[in-house]
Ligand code: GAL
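Just the one chain here, the form predicted on its own, laid out as structure tokens.
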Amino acid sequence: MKQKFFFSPLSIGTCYYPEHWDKTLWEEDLRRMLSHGVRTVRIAEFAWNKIEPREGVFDFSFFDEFLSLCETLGMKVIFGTPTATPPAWLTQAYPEVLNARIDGTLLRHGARRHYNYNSPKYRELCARIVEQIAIHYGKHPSIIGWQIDNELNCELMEFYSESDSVAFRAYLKEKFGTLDELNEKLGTTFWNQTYTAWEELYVPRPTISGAVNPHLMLEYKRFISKSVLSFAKIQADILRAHIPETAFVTTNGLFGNVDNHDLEDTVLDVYTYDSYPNFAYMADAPSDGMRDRWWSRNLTKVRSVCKHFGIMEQQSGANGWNTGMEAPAPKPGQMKLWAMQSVAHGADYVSFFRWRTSPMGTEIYWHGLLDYDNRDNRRIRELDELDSLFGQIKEICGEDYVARVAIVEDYDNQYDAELDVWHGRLVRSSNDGLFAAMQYSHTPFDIVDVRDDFSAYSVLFYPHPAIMTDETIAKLERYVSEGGTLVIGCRFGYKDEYGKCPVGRILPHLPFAGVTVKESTFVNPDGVKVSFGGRLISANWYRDVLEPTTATVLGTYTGDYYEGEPALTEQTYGKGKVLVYGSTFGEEREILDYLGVSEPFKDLIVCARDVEIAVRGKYLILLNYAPTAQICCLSSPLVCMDGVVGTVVEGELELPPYGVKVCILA
């Protein structure tokens, strides 16, 4: 993965909607932003009508005036293409551009993202407005970057319009060539689903039980991703024909049914993410101990796509729509904490959503840095603190996150786990367990796509890859033979690339693991554990009873009819080894301890479990997610940044409630 654009220096931005405010506020707002460290604004992603108020009639006077003010004051701009909200005149004239429910009911004008990617008419009209904008503003000195659309696949990541069915048929025909090949690969003989004409194929439609061909559904998810990439590429290609090489092309968010790695590699210059950790405190959110720490996993996924990314929308105030989503305001310190959480995981640009809370529309409860009253508040004070700290650590831009451990993911298995409730339950359980184990043991980790290079990591976890291709197996074999350690969970390698279970395949399908499966079963959590190293560790949801051929048994089940049967094995292979675990991974750290990768910074600093430790280059970042002060014990003095000057700290370092400290490593 070669990144094409890097933010530098570390800086702050905000999202601003000049169309929402009287023009008399613009200059005051921009000057006020600059006084608090905001150097960039994102604009225009929902403002199609301001540029094309009627079909084919273009008027740039509104944004000409605003951009002229930005240029005068020295404010930089990220300009959004406005294709996330087609205007009323467009959807009225061309209803075929609308997305639909699975039953075919059109999703009408009145919200956002109500279009479908595959409508030829919508592509034509989007290309036209993007080109007009790019011609007019492409060389504007204030514009440093361009955002394509807004949050691709947000709200809905499934598409059921007539245009989508037409495009899906074309996708299937190109991939399989003949109906005989499609029928064979997708197992359509089951339940008499065999197709005899391409016109018989559709995107999913309602069925009597909700059940549909899972192999066709897997292709449907791949098709949606292709549609997103194709739609985004139309805009990116137009922009690049008119903007300078120094201006970047991005999009924001990280949503489902999109191969984000492919999107980054083939369409974008840099990725940006929208980070809202207070979603973890919504009324219906699970009350587990991880809460906002879960956003560290989300940010790790973003880092997998783009090692040095930006935050286009960073949590500032309370969140909610008048139609739902009630998320509380960040507590004192949390806004700064969450911004630094983003930086700790690879963000080199942080843009807060939004400058001022909207007094109108669906997002009247989605609070910004300022409230309706427009007065300074504690969030503005935290913004000032963050600006001072950014000034001290601005050289962090381009510094890599340090991790020796990685979790392997791939889109085929991600899509399959969303379709297959057996597979999905295992993946969710292990994702939760591994993340908690690594967070609580202060073990930094990366997420890597199966197509990426593994050589930087001493340990790889690949929890439950039901789909394993020969290419993947060969790549894992090379990694292990060259000295890597692979840890793999239950139920892997039992499906082919179409999600079918080949007859006669010996499981688990990993020839160099030195183990097969004697028996397996899905279970409800029932208290059965695995005895390993004198401790008991979790074994939830599934049990593979392993049968070693050449592997050594490290752990055994403690109950039920498989009492004493192998549950964890180890096989030396070449210079490395493979561990196979017959269940899902829990939050216990025993496997990490056994492999010698937990607490990699313990010789330097020891922290309580409520504190996350991250290292980027020479910067050691400590994040306290607790409402109480936490003490970290230092084995040697460290220079600690406090936003003004560096202070040498010895012995103990106190982190205030929801506090952040950045130290310099020698």
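All values derive from a computational prediction rather than experimental measurement. Heads up: residue numbers just count along the shown sequence, starting at 1.
There is another form of the same protein, the form predicted together with ligand GAL; it is not shown, and what comes next is about it.
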Counting only non-hydrogen atoms, which stretch in 528-536, 490-498, 296-304, 363-371 is within 4.5 Å of ligand GAL in the model of the complex?
363-371
At 4.5 Å between heavy atoms, is residue 413 in contact with ligand GAL in the model of the complex?
no
At the 4.5 Å heavy atom threshold, is residue 321 in contact with ligand GAL in the model of the complex?
yes
Check whether residue 115 has any heavy atom within 4.5 Å of a heavy atom of ligand GAL in the model of the complex, and answer yes or no.
no
Partner contact for residue 276 in the model of the complex: ligand GAL, 4.5 angstroms, heavy atom
yes
Which of 314, 119, 252, 430 has a heavy atom within 4.5 Å of ligand GAL in the model of the complex?
252
Among the candidates 79, 585, 271, 353, the residue which, in the model of the complex, approaches ligand GAL to within 4.5 Å (heavy atoms):
353
Under the 4.5 Å heavy atom criterion, name the residues of 3-22 that approach ligand GAL in the model of the complex, in sequence order.
17
